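A single chain comes next, written as structure tokens; it is the form predicted alone.
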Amino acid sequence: MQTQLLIDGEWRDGSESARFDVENPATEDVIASVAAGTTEDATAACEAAAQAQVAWAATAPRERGEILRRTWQLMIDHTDELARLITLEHGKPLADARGEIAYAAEFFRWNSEEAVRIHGSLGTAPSGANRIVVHHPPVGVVVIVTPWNFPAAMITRKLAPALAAGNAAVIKPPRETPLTALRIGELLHEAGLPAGVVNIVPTMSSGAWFDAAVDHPATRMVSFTGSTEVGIVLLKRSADRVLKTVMELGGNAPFIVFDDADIEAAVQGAMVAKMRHSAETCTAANRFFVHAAVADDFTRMFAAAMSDIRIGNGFDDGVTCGPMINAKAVASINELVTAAADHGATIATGGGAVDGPGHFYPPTVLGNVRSGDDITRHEIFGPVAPVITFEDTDQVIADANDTEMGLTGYVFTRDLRRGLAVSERIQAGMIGLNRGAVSDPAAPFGGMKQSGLGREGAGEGIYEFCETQYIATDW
């Protein structure tokens, strides 16, 4: 298990030799002590990236792509090892962790193919005086900051297109889950990535680390996934140097069930949209709008499905919901549920934190919730589902859009015409129509409003890590 910093192809302790503990949230046991990078280490990583990036950008796209493809294969070959590492430091059930590795690895395979398909254009100026040549060089050095809920996928979704386009990267993995990131760094070098192209520097001082990284003259871009509150701070800080940014921020996804929906399918979709990866996902359904005609049936069936979930250590057989990341997360979730109950919500199942060890919260369904209640204004980031009844289509769309967030939405109906029409009116970057899962490396991932800037994945994703240069010439 690697626990040092990766800078310029070398594993080293931080400049001040400080370390921090990583905890298993299911047991509260310390599982590793990791080197804590300083501002000096962040600067050294940026310098290494700047030196390596020039040669990496000059490397043939096919060769870059082959290194990414070998990394994909290595991640697949090490699926069990990587999945166990995720479950150890994050707590999610082992089956979910294996699913994350398959998803995370696919970004390397997808972008290995995109590396050779960065297209430019050639045209003639309307005056006929010159030709217009447009191409897309890499940005340069990219600072990548990732959250703890997907220790592998949140890195690869950014890193793979960045590398495919010819950039170098400096990564700050989350303090809660740095071990998976460090292991991916090892696999990248095993696949043949040159030293210095990827640098991984965990830290205990995120703010100072970020300041040092964005102030380095070689840094030209920031790619961040995390809360909107932190994203706003990082955007303001990045503006000091007019850095290019891609931000995947918070969500408050509506899940709309119409009266003609297949209720069993809607409940199955709700379980996926709410409970994948222990409900700690930015795309998780957060507000369940259910037509009054089917609300009782949906709530009853949904509560039954949620009550059947087994919570516990992600390594244990039959567990499908692991711990929350820490005690603070449990307290925040419980506070929202308690306030909702005090405001008239009924608890159909769950409610109340579970005694430790471990940071657990039971799957919970709340009825009699009104749109606009406090719990509908927050990204819950836990296994709690507030159900709100509706009758009018226009009103439910207005309620669904009554948020500054716009990452994901879900619609269930047997009427395809209505489903598509409603989907188009929801102010979210991604919609699951009769589906509880939307993420795919081949699809553009990202949000509207305060849920983010830019897109990751698909053909669009690699161009986020490119500049556009126009050359006027004549021959």
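Since the structure is predicted, the reported quantities are computational estimates derived from the model, not experimental observations. Residue numbers run from 1 along the displayed sequence.
As for the form predicted together with a small molecule, it is not shown, yet the points below apply to it.
Judged by heavy atoms within 4.5 Å of the small molecule in the model of the complex, the contact stretch among the candidates 94-102, 267-275, 348-356, 244-252 is 244-252. The partner is absent here; in the model of the complex, the one residue of 286, 71, 146, 180 having a heavy atom within 4.5 Å of the small molecule is 146.
Between the small molecule and the residues 258, 110, 210, 360, the one pair within 4.5 Å by heavy atoms in the model of the complex involves 210.
Interface residue remark: residue 314 is not counted as part of the site for the small molecule in the model of the complex, having no heavy atom within 4.5 Å.
Residue 202 falls outside the set of residues with a heavy atom inside 4.5 Å of the small molecule in the model of the complex.
Among heavy atoms of residue 171, none comes within 4.5 Å of the small molecule in the model of the complex.
Interface residue remark: residue 90 is not counted as part of the site for the small molecule in the model of the complex, having no heavy atom within 4.5 Å.
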